[in-house]
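So this first bit is one chain, no partners, the form predicted alone, shown in structure tokens.
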């Protein structure tokens, strides 16, 4: 008898040792069913709860196998985008006028709809991004928790209204946070459901309406998640979907009626958005998370087995295509050889292939541009350093139908080599030796980014030095499940410092939702 999905164990990014046999059995039956259901018909954009097909149709294929067609989507025309912004503005007065409890109730219905369709959405993530099974299911579990956490924060803060002191006995004063209007939400391919829903939920629960543009590599999940919002009974126009690439994104940012932008993606694009919104007659809010370099420090007192596991999982999970991926590790000279032996053993054991198979840890990188970036990085390592393992594209059979590369560990590069400093979004790890932890941390800080960082140590003095000196918004110590990855709603906030964030307040935590609101003081004489 097939398992009841509601009884299956939850998958998170940390419970890596649990028995997920029943989850895999359910996916074994669901994956072929979902693939068979994929339709060649065009999936139109969704504006005010209706289909809108105005624009240029484009076909999307799976990075796992380019013979798998995920569907056809529509790059929204300028007129369609304008209609979407107009629909959001039309819905805004009624949506923002609801008391916060009513908005929370709507979004709790959304969370239940995601829960009902959890495994369907997981399979969509697997096929569209090339995620492993556990990464895909974990993303949808995170999505459900994100919605519920932001709703809980709204309740815990009484809808962000607070009584203030009185200067006079007849004076009643209060401070409230109010919505801005219409937010544009622009999301990346790597966490197409969780990151999209986090930004959409933050905007909605605060009283804003949304025009949502997913990555052009994530139109399938974009449509499915909008179906969840609509099925949960949100008013037409509260959330609108427009697909497309950079042209649509730039038009959304530049639309004169947009009141704010929530964005997750590259530093270069995020800063262009920030400058664009600041150049208006008055500055508009930009909530942006913009990547990271994410160093890890393995000290002489580290538990080597734990450190090797955490570094491997952070560097090569999701093919290194996470903004929190650990792409640089500093290893103390005293344990360098032992650590590298343990890390190389784990890395060389990684199964690469079609993530429909439960044994596969690494699928393909997302597209040809990523594979070409890998080739350039590999060529540079061969010229200026060397590989301890990896450095090659894979070929033959399935590997010729997608962009599959080896998990790669580079050593011996010059101190100022670009691979030590620039985010690559690839399964590519560089290694540096150190003897002075304070200097190693200073070197790890000397990059544009400041998203996550990790350490492995059994000495409290080393731990405290790291916690006080590491310039990143998310710090981890001694985690086998991920040296720099694995944040979860309400447990770890996810905040970018320096070039990793524009607002310096992170997602998954208590200060995220207020960013979608503006302060207003009320003084009433009684």
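Numbering follows the first chain given and starts at 1. The shown structure was predicted, so the numbers you read here are calculated from the model rather than taken from an experiment.
Beyond the structure shown, there is the form predicted together with a small molecule, which is absent from this document and is the topic of what follows.
Only one segment in the set 118-126, 89-97, 184-192, 222-230 has residues whose heavy atoms sit within 4.5 Å of the small molecule in the predicted bound form; it is 184-192. Among residues of the shown chain, residue 27 is not one whose heavy atoms approach the small molecule to within 4.5 Å in the predicted bound form.
Contact annotation: residue 494 falls within 4.5 Å of the small molecule in the predicted bound form, judged by heavy atom distances.
The closest non-hydrogen atom of residue 20 lies beyond 4.5 Å of the small molecule in the predicted bound form. The closest non-hydrogen atom of residue 486 lies within 4.5 Å of the small molecule in the predicted bound form. Note on contacts: among 319, 324, 143, 240, the single residue with a heavy atom within 4.5 Å of the small molecule in the predicted bound form is 324.
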